[in-house]
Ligand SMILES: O=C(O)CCC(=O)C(=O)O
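One chain comes next, on its own, written out as structure tokens in the form predicted on its own.
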């Protein structure tokens, strides 16, 4: 047991709560060692690590600081981006000791939620100098460009109650409200009809602001087009590049009502997150306008500097590495984006990204594979369209998978303390920590996901679901969540069930989830279908495609090039019919037409960022950092058609796409809390490759099919079965005499 715990807890008659605190402290110590390479100290020091007190847990600096300061004078509070823990340095050891005794196991109220804090001593904490990154070339941010009175006047000028949509082309899109003045941007062709100006020109209230822009040389000529977007908390816009042929070089965006963080990404992977305060003016020219993507991640809180930074000129604080951050709750933000209609073809210095200069269109997709007719064909199909695909997206998958499913949690929490659990297809291990009273182990075909499990302190190993290297009858329970539908023949699906049963002790239980063919059940449509608007909105994102993933909030982020600033989305129809025994390609967010199909995955790249921002990285030693970079490079290389046949090298989309993350051959896990954005991949500085599309094989189960499959396995009974938001689910029980 950790000596820190022994020194601060009574040696006899510990209460149940005391024992829980000890376990949590010990687990937090192990997590810190895994993530940061830092060991907790056996004796009191001035420095403490506060588990559950990080930005990644939704704890703001102000909330945590207030609790810590009650124990004594705080010298420094360090909160790294996305981390589930923070570090505090007190002025005196006595204050640290007081915090360790009084705050351990205490709940901290954070808005509507609460977290339980667990503190341990550490010898020292490294305080790095705050870093900054250069702004994209041509990007200028002017804070307080308008005063509060002007802000109120401008907001009042935007009449959202108007019903005459022909005058201002007002639309209520899925992610925001939008109004166009002067000219309407057409979502069907990503351009402007220059011969059809709108009756309503730019509002008069905007003219003084625009005149000041011209006077201050932010723009050379008065704009004649305005797009107004209104974002509620939790809404955003995927990364994109504004259409070159539609507008002239300079684009200006005025932020009103609330601050947000906009992320800029260069095709080579460089990322710059820029805080846009309310009443600030963002000016994009040249490279920042034509070549960098910009977007806003949909979330309710942003990580921002704890105090308003002074003018940084051509640089901005690096929000990915800063330790002086806090959480900023988003409010309703209204952006006014001003542009000048272009009447001549664009002749920018970035022809590879320019629609006027003939950026090469995407070639036609290759034909889908055929249904397997033998064991060898099935194994090859799964290797190409399951295993390699999920290996390529493992890092991003883990960054978007957080919340366990309620009914899976109920099953896990119903197991007696001390039970041995095997999660076959554990992905990033999110179910391995649901019930700490269990002895849980996971396995997955993806070595990258297994590595993430290890970094999170979970026991996991690489294994195929058809051959798990555990002793027969060694587990009290098994779970297989969204795994078996990836096997491409009836025989292999049955073999997966048999392997689960082999692992179970007599009387043990297994929970199995698979996708349901019936996405409408008992007169209720699943969230997968329910969220799909009958009239496809211009900003519909086809990657919202997985029924078992639709139980949780959907994250919105990916990339398209040549799109309209803050208001241009376009869908891609991936539907193909079954011909000559070929697998069909499913159209996302629609009812299934066949049981065996390929589901498109629009990859969100930017893996160099994903791991660093997902709370799994941090300040590690050089060897570990080198290992991380190698892993990231491998993930990027796995996207290459030469190494990932499941990758459709010819299917590129210039639309904005959501990202659906899934586990490897083992499973796609539900939920999509995407907290990162990304930009197009890049072969070279001068050749942009839009976000690639992968295809994943699925066999969706019809009603009764899963029970019939399980019934073929002798010695087990189906204890219960149910339909759970687009999934068929069973709980099996192994006979006592087996």
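Keep in mind it's a predicted model, so treat the numbers as computed, not measured. Positions refer to the first chain, counted from 1.
Omitted from view is the form predicted together with the named molecule, to which the following refers.
In summary, the binding site of this form is blocked: after superposition of the surrounding C-alphas, the named molecule from its pose in the model of the complex has 3 or more atoms within 2.4 Å of backbone or C-beta atoms. The named molecule in the model of the complex is approached by residue 231, whose closest heavy atom lies within 4.5 angstroms of it.
For the chain shown alone, residue 402 is not a contact residue for the named molecule in the model of the complex, no non-hydrogen atom being within 4.5 angstroms. Put simply, residue 354 is far from the named molecule in the model of the complex: not one heavy atom of it is within 4.5 Å.
The closest heavy atom approach of residue 253 to the named molecule in the model of the complex falls within 4.5 Å. This chain is drawn without the named molecule; in the model of the complex, the residue among 430, 586, 294, 80 with a heavy atom within 4.5 Å of it is 294.
Between the named molecule and the residues 281, 516, 412, 237, the one pair within 4.5 Å by heavy atoms in the model of the complex involves 237. The partner is not drawn, yet in the model of the complex one stretch among 413-421, 593-601, 328-336, 91-99 has residues with heavy atoms inside 4.5 Å of the named molecule: 328-336. Annotation: in the model of the complex, residues 227, 242 and 262 each come within 4.5 Å of the named molecule through at least one heavy atom.
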